[in-house]
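The chain below stands alone and is given in structure tokens; this is the form predicted on its own.
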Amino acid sequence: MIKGRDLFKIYGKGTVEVRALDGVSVQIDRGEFIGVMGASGSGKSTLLHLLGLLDRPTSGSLSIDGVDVGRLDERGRTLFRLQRLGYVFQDYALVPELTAEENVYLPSMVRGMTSRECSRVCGEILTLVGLRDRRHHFPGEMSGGEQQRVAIARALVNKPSIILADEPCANLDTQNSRNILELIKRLNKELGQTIVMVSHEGWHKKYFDRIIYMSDGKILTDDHQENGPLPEPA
């Protein structure tokens, strides 16, 4: 479970002060697939970065899985990220000189797993995302959709309780976006992982259990979807 209370993120001072987050309180239950939506500059990515311990709030409290993460030092935050959190970015963030398998098992190597263990676990994860036959290919030899699936596999390899995805479909066409969203939704249901995903596409709404709408650093609404999804693009 994620509990954030009165979260502020303020840049600058005085007349140039920018409140990227302005007193946000949020609760996300285990196993939920949450969509965070809103216009550019609304605070979506800032909220995700705080939840992912990639940044610290100016003030406010945040607990994840019962841990007050605001009290962790930098080493503790790094270990928490490795053990509890997985990340999927819009630009894939793969190392071009490494194969799909090597990109996936980097987090496991950091945790001290042997090469044999890494290879076994990576084979299982790449099979799960439908890329076992592409495990020895480099990112430049794969499509954008395949590269994003590698990034998802990398996020899953340490079996984190929470996946944080920042517009993972931003660089994909509509069909590949559907494929990635359906994969994430399936993994959410099959593995029971909590997923928080930033999106600006209205038709993505149908994949989420709940949608948090943001504007000017505040949460406007935080509701289960009741009115049905917006139509998908042709």
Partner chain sequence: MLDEEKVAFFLASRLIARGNKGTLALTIMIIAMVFVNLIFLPSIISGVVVLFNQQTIDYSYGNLVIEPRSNQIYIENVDQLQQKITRIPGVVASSPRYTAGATIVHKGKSTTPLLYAINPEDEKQVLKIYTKIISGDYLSPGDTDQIVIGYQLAGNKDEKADRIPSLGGVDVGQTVDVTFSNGVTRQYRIKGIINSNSFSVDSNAYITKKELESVLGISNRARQILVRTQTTGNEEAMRTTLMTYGVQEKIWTWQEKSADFLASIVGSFDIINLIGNIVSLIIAVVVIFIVIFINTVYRRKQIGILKAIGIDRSIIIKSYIFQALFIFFCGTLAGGVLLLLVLQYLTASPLVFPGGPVAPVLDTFLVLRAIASLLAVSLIAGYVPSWLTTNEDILSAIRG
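Positions refer to the first chain, counted from 1. Note that the structure is predicted; figures quoted are calculated from it, not measured.
Below: the form predicted in complex with its partner chain, not depicted.
Only one segment in the set 52-60, 28-36, 193-201, 179-187 has residues whose heavy atoms sit within 4.5 Å of its partner chain in the predicted bound form; it is 52-60.
Contact annotation: residue 154 falls within 4.5 Å of its partner chain in the predicted bound form, judged by heavy atom distances. Although the partner is absent from this view, residue 78 contacts its partner chain in the predicted bound form, with a non-hydrogen atom inside 4.5 angstroms.
Its partner chain is not shown here, but in the predicted bound form it comes within 4.5 Å of a heavy atom of residue 107. At a distance threshold of 4.5 angstroms between non-hydrogen atoms, residue 146 is out of contact with its partner chain in the predicted bound form.
Residues 123, 133 and 141 are none of them found to lie within 4.5 Å of its partner chain in the predicted bound form, as judged by heavy atom distances.
The partner is not shown here, but in the predicted bound form the stretch 7-27 reaches within 4.5 angstroms of its partner chain through a heavy atom at 11 alone.
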